[in-house]
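As structure tokens, one chain now follows by itself in the form predicted on its own.
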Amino acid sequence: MIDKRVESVAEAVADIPDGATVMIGGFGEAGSPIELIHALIDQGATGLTVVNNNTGSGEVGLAALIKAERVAKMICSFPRTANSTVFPELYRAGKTALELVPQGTLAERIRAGGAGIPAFYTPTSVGTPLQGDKEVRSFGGRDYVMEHGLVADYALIKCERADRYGNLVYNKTARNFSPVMATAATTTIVQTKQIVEPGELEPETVVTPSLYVHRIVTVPQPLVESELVAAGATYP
């Protein structure tokens, strides 16, 4: 019988190698898989390319991974927010590279990668520094920039409930980038608050089907990023 459960967050991320591309779910703290990220720090992989909406807050979660200098490159939309201090310093010091992508374009690049679409055209960055030397074509009298789909070796995401097959249900906006990241990664690793028996999830509520999930670990009481930041917590 299919059972994608693993015993611990350490086991879940044990085989992520140096130089891997890792998509990490979350929109700020909503849906951020902090325990999986901390396990990745403990595991020691370095030279990572990380895809996320932002660069984390304080010195926990994604920000802690960046602070540990494990991230060679960030692909994100918001590299600096109110509580983001780690990444700007490392970026200015030349220790971490940045590929800045408008938020809608980032979501579509991930969706396209998961759907097997190598590239698409969007008007979003036309005439801006983000256009760079990308291909530009005109459709209907309007210019569009070609953007490439994004894929990853691994995706680390968080859900509210899952069954052992890997069907996932999210908690409201904690859903954000996670469903498309699950489709775009070779290996999708999920931390869930609760595991239920097959058949207990209402089929109409399942957002990510088991096809896209490879490992599940239960974290019954996940950390809350904003509480950690407010307390001045750091990791490790």
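Just so you know, these numbers come straight off a predicted model, no measurement behind them. Residue numbers here begin at 1 and follow the sequence given.
Keep in mind that the form predicted in complex with another copy of the chain is missing from the display, and what follows is about it.
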Original post:
Does the 4.5 Å heavy atom contact test between A119 and another copy of the chain in the model of the complex come out positive?
Top reply: yes
**OP:** Mark K95 yes when one of its heavy atoms lies within 4.5 Å of a heavy atom of another copy of the chain in the model of the complex, and no otherwise.
**Re:** no
Original post:
Looking at the partner-bound form in the model of the complex, is H38 within 4.5 Å of another copy of the chain by any heavy atom?
Top reply: no
**OP:** Report yes if any heavy atom of R111 sits within 4.5 Å of a heavy atom of another copy of the chain in the model of the complex; otherwise report no.
**Re:** yes
Original post:
Heavy atom within 4.5 Å of another copy of the chain in the model of the complex: which residues of 214-228 qualify?
Top reply: none
